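In the block that follows, a single chain appears as structure tokens, in the form predicted on its own.
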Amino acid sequence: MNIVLNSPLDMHLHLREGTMLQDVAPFTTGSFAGAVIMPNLVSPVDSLEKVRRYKEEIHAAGNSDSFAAYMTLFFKNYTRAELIAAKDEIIGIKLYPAGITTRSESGVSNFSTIDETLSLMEEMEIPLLVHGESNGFVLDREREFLTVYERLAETFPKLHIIMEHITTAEAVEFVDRYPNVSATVTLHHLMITLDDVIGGLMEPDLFCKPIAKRPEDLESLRDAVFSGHERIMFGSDSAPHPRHKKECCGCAAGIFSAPVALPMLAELFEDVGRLDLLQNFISDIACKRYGLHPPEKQITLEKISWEVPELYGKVKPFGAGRTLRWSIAR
């Protein structure tokens, strides 16, 4: 039995830079037709020059002619001229609240100062991608940020707003309220709760931001995804860190799922009898919401079991040591 996926897309991906970029990019460029690249590098991708340079580095590292790197700018207050110049070379602009996640120190600290840029983005039809968390108690951060989303969605009704890597039932309900709002959901947030992370011994490789939430939140995400929600799409948030950044005091947040994303998603959709919706989740919804025409690329999944390695280089993958039912045909 095989599954053929047409132009699968990862709508939220961290590729890092330097040696790490070289190591991890092929896992995505080999099995996806495109991915939305996050801009929170050591020096944030906040200019057209940086976008172009980073895109060149990604394509060199990925070595694939059938992969589109959909680039994003790191949010700051841009001028009209800057946005006009960048519009055709980016898929959107990524907003991070200051200090809320990895390399977001130069993010937005005062949301009352950003409306001029948002108005320009709405006018030019440049999507806004948002890491939606407050600086409050960790389990409440996404819920508290919903008031920000509400203001954005109502003040800029023609601005396409993407709630990145949502993890709560409340976030799913919010997507339903505003037609200009979409969301991405990760593989790991369809599989784990906070109990998997800290219920026993701490599992550093399951620590991510936003953190995994309660069982009822997991069920809400799964219900939305496995019912074919027309504005919720796949974004892995695959975020590699070397072992010394994970097995240490001050463990880095991020789960590296790029090598296993498609096989694990196939298992999840098969388990609930909804393989018919997998194509929508990993490509078709994103194409409709963003108006994309990705490179033509067919990926075949075969019913051949394999064991996920403990390490890929210096990075431990999601599901390390687990035997998966589906594999990508090479």
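Every value quoted in this text rests on a predicted model; they were computed, and no experiment measured them. For every residue, the number given is its place in the sequence shown, counted from 1.
This protein has a second form, the form predicted together with a small molecule, left out of what is shown; the following refers to that one.
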| query | Want to guess which of 217-225, 147-155, 234-242, 196-204 is within 4.5 Å of the small molecule in the predicted complex, heavy atoms only? | reply | 234-242
| field | Complete contact of 14, 102 and 254 with the small molecule in the predicted complex (any heavy atom, 4.5 Å) | value | yes
| Proximity of residue 208 to the small molecule in the predicted complex, heavy atoms at 4.5 Å | yes
| query | Using heavy atoms and a 4.5 Å limit, would one call residue 165 a contact residue for the small molecule in the predicted complex? | reply | yes
| query | With the cut-off set at 4.5 Å between non-hydrogen atoms, does residue 29 touch the small molecule in the predicted complex? | reply | no
| request: Decide whether residue 280 counts as a contact residue for the small molecule in the predicted complex under a heavy atom distance cut-off of 4.5 Å. | output: no
